[in-house]
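Encoded as structure tokens, the following chain is the form predicted alone, with no partner shown.
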């Protein structure tokens, strides 16, 4: 079968992406089915639950996901929705509205649809929207703004983790001075935290200045906050505070809320009330969505306290791992849950990753061309005591010496 250029490019991206890196010698399917471990901390395996240093969330296998739904249903009797109306989906929408401080929220099947419909409706008759050059909106949504919604994306902040107010003013000035026929700028988008900048968060002062400017100049502001709870945990800025500076906020249900898919878009009532029709005409209306929203509802509960524990426990864990000979794990400036890890030349990453996976149910990702491994923290670190994790790593380093 002939492989298209698009397919090849996507495969290359997946291979290079730290978020998609997998332990050595294991495919994603084999990795999730290599044991009967339970990621939610109730393993029947003597080696215990999986702790992964690869993903933002727990990465359930199908068996684990079904079991988790069953346990949630046993404790609270999941109420189904019908075409997105009522049941646990409505409960989750209400919870997200309260959580973000917005008037309403609505479920969508994907983050791409959430971002694209937000920009389309916020822009109204204006054709241009300014977006980060390294954002999901600009790079990963198949030019949907242009090809589907007749909106022109203007990239900003190239070669930077995020753009600032001066960048925004400069590009607006360039548009005003160099375009003869004024088609109108309607929306500015910010991604926070920034996936292509290894999860770095945008400083709240930068967001505040951009928000003030946009309000003064009648530009709408949209937040791609797919991982906003992670940014909140590491910046000590609440989700509600972040959201207060934006007209609309998208949050993923699967990045760390562990659902199989789905997205939530939050905003004022007048805006959100337009979405049901838009979702329908673009093919996003689903007969039932409770299998996603029940999981997300469960993990949204008490998320701030859990992630506060994750951050503190991870800090202590990394301090201890850095005391092992040959291991260096360093935080990034404005970093969140992704750290740069390097090994001394006499330690085989392949051997270490295989040992940790086989003997201790711990997943470690691949290194890049410079030997940097993206060491990612998530809630799975809560499943074992740090002393147990460090002991496993100490044994792994000894086994991996070359």
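Just so it is clear, the model here is predicted, and its values are computed rather than measured. Residue numbers count along the first chain shown, from 1.
The protein also exists as the form predicted in complex with a small molecule; that form is not presented, and the subsequent description refers to it.
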Handout entry: the small molecule in the predicted complex: contacted by all of 93, 99 and 102, heavy atom 4.5 Å
Key = no
Practice task
Look up in the predicted complex whether residue 246 has a non-hydrogen atom within 4.5 angstroms of the small molecule, and give yes or no.
Solution key: no
Exercise for the section: Give a yes or no for residue 111: in the predicted complex, does one of its heavy atoms lie within 4.5 Å of a heavy atom belonging to the small molecule? Expected result: yes
Exercise for the section: Could you confirm whether residue 289 comes within 4.5 Å of the small molecule in the predicted complex, counting heavy atoms only? Expected result: no
Problem - Exercise: residue 136 in contact with the small molecule in the predicted complex, heavy atom 4.5 Å - result: yes
Completion exercise
The stretch from 265-273, 221-229, 298-306, 162-170 that lies within 4.5 Å of the small molecule in the predicted complex, judged by heavy atoms, is 221-229
